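Heads up, the chain shows up twice below as structure tokens, two forms, tagged structure 1 and structure 2.
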Structure 1
Amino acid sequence: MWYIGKRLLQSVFTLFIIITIVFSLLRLMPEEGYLGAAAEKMTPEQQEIILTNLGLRDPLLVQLGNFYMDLFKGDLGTSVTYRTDVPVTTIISEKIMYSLFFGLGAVALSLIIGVPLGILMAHMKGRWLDRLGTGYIVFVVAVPAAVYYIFIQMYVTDIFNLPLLFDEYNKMSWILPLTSMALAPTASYAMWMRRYMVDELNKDYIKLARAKGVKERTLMFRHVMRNAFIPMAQYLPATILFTITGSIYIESLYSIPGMGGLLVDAIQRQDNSVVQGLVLIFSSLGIIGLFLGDLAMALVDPRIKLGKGGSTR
């Protein structure tokens, strides 16, 4: 409880700093962006009225105070230029489910394939499966993602007769974006799982267990795999939570109406309310993910104690 309380206070303070800095930086952007394409047709008086109504003529501290007062009420404000007068929560809620579905699906697919692949590569180190898996990892790491994303969209669609663009009513159009999104995480999980398992297999306690006649299956699953998974457990919660943010490139490539391009569009249109809402969500996800990662490490490794004692992490 002491650790949780301390981390919560740190998290709130970190969020406050992030939001305050982003809020202040957004106010340094040119004012013409708040007026949109109609700015050229407005008189200076009309422009001044709009900027005053948006609260941009108030002192920075007053604007910041008003923002936090609305935030405590659960109000993230309304869109100014992205979708005029539409609540930010409405805009985000319309897009978040697409990114969440594809993100969670990609994480699940990459775990189902990547972790067993890494285990088999470690078990068959130096043999054909290890070489094949290493080649896949090197390809994914070395080749820019944009190259094989476009290759998949241009050629795999013809080979398997799959839709080129996303259509929520056509289940077949979900396959390629989901597969593309899972390629890099699969390689990452396989690479790290192999590395950690090879490290564990070379440790003295494994050699001693083999000398005592412990079965290889028992060694691999009860000892090696569990210890190898400990470092990965720290980053898994953050990876799952960050699926909400979406993939900018894949969502643009397949025309998926998710969260991936929302932040970029909002910044380009100088929609402060949307940007602030997204920064708040993304920052919260990052902080919560790190916190859950620490708890996950303590759960899978009894040697780690989170608290005031000498063996804190």
Structure 2
Amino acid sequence: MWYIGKRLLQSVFTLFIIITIVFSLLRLMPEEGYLGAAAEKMTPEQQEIILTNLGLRDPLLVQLGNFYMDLFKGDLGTSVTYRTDVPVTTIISEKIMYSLFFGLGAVALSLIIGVPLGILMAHMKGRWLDRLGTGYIVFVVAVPAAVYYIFIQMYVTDIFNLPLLFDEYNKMSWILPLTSMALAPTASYAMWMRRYMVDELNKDYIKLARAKGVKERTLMFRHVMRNAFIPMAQYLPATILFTITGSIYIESLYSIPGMGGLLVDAIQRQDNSVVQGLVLIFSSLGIIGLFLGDLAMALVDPRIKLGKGGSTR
């Protein structure tokens, strides 16, 4: 318990510093961006008045103080240039469901495919399935996602006559974004699973068990898989969160109104309050993910007790 409290405190401190850094970085953005298309025609005095009203002329510390005061009250502020005067929380809550759905859906899909694939590959090490799987993993991990996403959208929609774009009411249009999003995590789950299984299989206790005549199946499921799951458990929460937040390509290619697209838009429009809100959420998610990972690891692996060892993985 003491450990959890300490970790929590540390996390809040980390979060505080992250937000402060991003906050300061945002203040370096070109001022023209805040004024929009009309900047060209305004007199310098008019521009100055608008910038002052936006609070951009206050000293950085005052701006930061105001931001934390509001944050303390649970107020993330209102959007300025993304959707004028709409509370940031409203904007984010509209988007988060899409990201959650596709993020969790993709993770579920990739777990369902990736884990068995990894196990099979480890089992058939060196045979064609293993090679095929390795080829797939290498491709997906090495080639930038944007490239194969584009090709999938270009050719697969043609071949299977699927819609080009996401449409809430047309379930067929959900297939491609979901599967595309699942490609990368599937590969990494399969890769981990395979690696840990192979490592485990080479361990002495397995060799001993084999020598003792334990059935291959029991060996696989009772011993190897359980141990191979342990490192996975640590990474799982983080990857789930990563998938939820890191789908900028998919969201923009299929025009899904989610958080990834929101982030890019908000930065491009220099909507500081929205960016700050998103950074807050993304970073908290990241920190929670780390924390959950350690927790999960402790739950699965009886050898690990929280509070011992270093604070990093």
Partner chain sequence: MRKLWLLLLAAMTALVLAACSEEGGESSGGEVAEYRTVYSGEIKTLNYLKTAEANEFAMSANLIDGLIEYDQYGIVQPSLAEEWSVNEDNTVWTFKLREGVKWVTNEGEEYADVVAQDFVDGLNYVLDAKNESSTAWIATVVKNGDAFYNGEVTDFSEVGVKAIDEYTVEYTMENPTPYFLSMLNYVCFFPVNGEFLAEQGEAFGTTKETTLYNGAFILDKFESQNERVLVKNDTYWDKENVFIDRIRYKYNKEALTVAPELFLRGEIDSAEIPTSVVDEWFNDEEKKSQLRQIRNNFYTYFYALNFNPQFDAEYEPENWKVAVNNKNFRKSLYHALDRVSAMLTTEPFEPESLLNNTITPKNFVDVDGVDYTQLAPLADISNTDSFNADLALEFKEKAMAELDGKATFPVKVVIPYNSGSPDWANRTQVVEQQLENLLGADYIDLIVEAGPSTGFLSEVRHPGKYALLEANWGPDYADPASYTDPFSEGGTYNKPELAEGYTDTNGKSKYQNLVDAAKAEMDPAKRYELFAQAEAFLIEEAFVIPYAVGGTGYIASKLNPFEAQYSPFGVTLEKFKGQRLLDEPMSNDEFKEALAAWEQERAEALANAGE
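As the structure is a prediction and not an experimental result, all values here were calculated from the model. Reference numbering: structure 1, starting with residue 1. In this text, rigid core is short for the largest set of C-alphas that superpose within 1.5 Å between two forms.
Trainee: Please state whether structure 1 or structure 2 is the form predicted in complex with its partner chain.
Mentor: Note: form predicted in complex with its partner chain is structure 2; the other is not.
Trainee: Take the rigid core as the frame of reference and indicate whether the C-alpha of I50 shifts by 2 Å or more between structures 1 and 2.
Mentor: After core superposition, the displacement of the I50 C-alpha between structures 1 and 2 reaches the 2 Å mark, so yes.
Trainee: Report, in Å with one decimal, the C-alpha displacement of P59 between structures 1 and 2 after core superposition.
Mentor: Once the two forms are fitted on their core, the shift reads 2.5 Å.
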